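Taking the form predicted on its own, here's one chain by itself in structure tokens.
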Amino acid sequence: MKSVDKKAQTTLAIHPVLKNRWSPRAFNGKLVENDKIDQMFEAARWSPSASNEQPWRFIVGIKGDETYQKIFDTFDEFNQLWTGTAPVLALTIGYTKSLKNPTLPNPTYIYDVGQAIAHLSFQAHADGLHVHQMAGFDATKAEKIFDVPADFKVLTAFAVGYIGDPEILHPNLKKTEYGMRVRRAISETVFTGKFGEALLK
């Protein structure tokens, strides 16, 4: 297998889990141990949320089961090119209403679901796994297939597994798999005084 060094070229030191985390498309197909799957979702369970509303829900498919195939069938053509080698596919779902007053919307539910996925991703990477998140799928179809209640919204999908050889990928996908990771400069991201005035140089 060809090795791919995707360590973030950070300007400041960050935790190794964050420095090494990235989103491959090549998975080797090895099944993920049940305890590691459990640990990912336990990490998500303990992520922060506004007023401890915990709006996140997940539907998980393991390769070979019916749920996996149903999730796969909602993906667009591009994502179907590579997700078939991932041993775990999942959907993220958010509860749109407030638990304290279900007549009102929860304005932070999407933000909080995102935090849960971040925690899940970091735990997965710490356990030797990789997570690749996706928006390229039919969320409405997923809601129908899985009988998702009206007050819940399917938001994203993700694949989980052990990293594989990029050479297994469709030629159109290899470039990004081998390419360097890049980010906008921190001076263009973190401001003080007013928008656009850099806090960090």
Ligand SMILES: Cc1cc2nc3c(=O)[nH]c(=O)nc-3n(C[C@H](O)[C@H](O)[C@H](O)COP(=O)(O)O)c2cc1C
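So that there is no doubt, residue numbering starts at 1 and follows the sequence shown. As the structure is a computational prediction, the values presented were derived from the model and not from experiment.
Omitted from view is the form predicted in complex with the ligand, to which the following refers.
Note on the interface: of 120-128, 105-113, 91-99, 77-85, the segment with non-hydrogen atoms within 4.5 angstroms of the ligand in the predicted bound form is 77-85. Using a 4.5 Å cutoff between non-hydrogen atoms, A150 does not count as a contact of the ligand in the predicted bound form. For G136, a non-hydrogen atom is located within 4.5 Å of the ligand in the predicted bound form, even though that partner is not displayed. T156 belongs to the set of residues with a heavy atom inside 4.5 Å of the ligand in the predicted bound form.
Looking at T10, you'd find every heavy atom of it more than 4.5 angstroms from the ligand in the predicted bound form.
Only one of R57, K36, K63, H132 comes within 4.5 Å of the ligand in the predicted bound form through a heavy atom, and that residue is H132. Residues of 25-56 placing a heavy atom within 4.5 Å of the ligand in the predicted bound form: R25 alone.
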